[in-house]
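Below sits a lone chain in structure tokens, taken as the form predicted on its own.
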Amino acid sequence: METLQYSLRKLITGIPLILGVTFISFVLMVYFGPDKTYELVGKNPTQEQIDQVREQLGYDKPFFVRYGDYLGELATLDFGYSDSTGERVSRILVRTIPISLALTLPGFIIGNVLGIVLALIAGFFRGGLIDKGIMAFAVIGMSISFLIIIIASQLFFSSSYGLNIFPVRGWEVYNFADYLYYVTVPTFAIVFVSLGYNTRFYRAVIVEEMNRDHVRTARAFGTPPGALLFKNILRNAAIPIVTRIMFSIPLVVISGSLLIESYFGIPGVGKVTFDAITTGDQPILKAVVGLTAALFVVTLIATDIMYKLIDPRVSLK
């Protein structure tokens, strides 16, 4: 009951966040985004044709009426039809979001698990050659552009200059073997880039926990290194680790796959979003921005509930 009441309170307090994000993004789309009117009317249109197209697109309505319509679409999850393809936006999202999840989830999981493992090793050998080597690798991963990693991965895995065993582009997945065939190179690129940031952050958290009194006491009483790392250190460092992981999820679902999908030609929600930005497809952009804001609120609630599961001393108030 306490968890349910807390979730309801958080949902209510999250409404201003959703309103703020959607309002700012809507202002940018309306006043600074591309106007599709002249793209649709063709050359030398009459004023009557222009007015007719603007009425069809809803551009003739007052700003706050259009914003109210947008909030209604967000509440009902009915965002109308794409300006570019004419397909229902909800159908596009249902088709593309699972592809983005299948594409980014392996790299997301591997990058975080390896980051925690490397951080534990670096913290255990703090100040030694192993620690310095891991941190040097992390800095290199953080310093190289994601696009450079993608290109290098393609050259190594997918071209005649390297292994030439994986596809350069595309996503024709019909079984698990096809899935591994197409997901391997994007996963490698995601892991390489995320591993640097994850390892550096997790190491800082773990090293801070190592300096606490309860860890020194456990070490003085002869607690084995394995138990010390996983029970006394990692468990107490779990809250900042969980926070980082959970608040990365909305980006993984939506914008985290934008560059990967655009470059590899994978028909996920990231590529759909990129195409919508370049063509000015406002129904898709409004849906993506609104759902991302809502997902952040849900993630906030789930994160606080996980705090309670990790540490019973945490109060959901």
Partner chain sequence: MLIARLRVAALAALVAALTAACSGERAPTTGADGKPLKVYRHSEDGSPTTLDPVQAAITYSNLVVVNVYDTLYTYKYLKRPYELKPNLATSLPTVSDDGLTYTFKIKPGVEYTDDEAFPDGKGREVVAEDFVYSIKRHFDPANRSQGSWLWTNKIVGLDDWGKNGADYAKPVEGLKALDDYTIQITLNKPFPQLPYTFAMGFSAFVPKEAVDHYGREISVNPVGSGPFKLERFSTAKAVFVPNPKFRQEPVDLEYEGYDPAIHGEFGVAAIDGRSPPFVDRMEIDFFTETASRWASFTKGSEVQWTWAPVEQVDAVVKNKQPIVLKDEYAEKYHYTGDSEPAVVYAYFNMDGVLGDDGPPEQDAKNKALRCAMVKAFDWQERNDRFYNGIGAIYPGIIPPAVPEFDPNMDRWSVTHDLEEAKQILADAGWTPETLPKLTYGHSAGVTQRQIGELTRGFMTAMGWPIEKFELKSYATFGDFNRAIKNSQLDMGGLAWQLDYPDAENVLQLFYGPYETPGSNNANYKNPEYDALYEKTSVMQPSAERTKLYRKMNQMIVDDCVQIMGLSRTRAYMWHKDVIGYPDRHILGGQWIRYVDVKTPEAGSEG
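Take the two forms, superpose them, and find the largest set of C-alpha atoms that agree within 1.5 Å; that set is the rigid core. Keep in mind that this is a model prediction, so the values were computed, not measured. Residue numbers count along the first chain shown, from 1.
Omitted here: the form predicted together with its partner chain. The next part is about that form.
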Review point. How about G42: is it within 4.5 Å of its partner chain in the predicted bound form, going by heavy atoms?
Key: yes
Practice item. State yes or no: in the predicted bound form, is some non-hydrogen atom of G68 no more than 4.5 angstroms from a non-hydrogen atom of its partner chain? Key: no
Review point. Is the gap between K286 and its partner chain in the predicted bound form 4.5 Å or less for some heavy atom pair?
Key: no
Review point. Looking at the partner-bound form in the predicted bound form, is I109 within 4.5 Å of its partner chain by any heavy atom?
Key: yes
**Study point:** Residue (of L251, L57, L291, M29) lying close to its partner chain in the predicted bound form, criterion heavy atoms within 4.5 Å
**Key:** L57
Review point. If contact means any heavy atom within 4.5 Å, which of 214-222, 70-78, 184-192, 92-100 contacts its partner chain in the predicted bound form?
Key: 92-100
Review point. Who in 66-100 is close to its partner chain in the predicted bound form, meaning a heavy atom within 4.5 Å?
Key: Y81, S82, D83, S84, T85, G86, E87, R88, R91, P98, I99
Exercise for review: Classify P45 as shifted (yes) or not shifted (no) between the shown form and the other one, where shifted means its C-alpha moves by 2 Å or more with the rigid core superposed.
Suggested key: yes
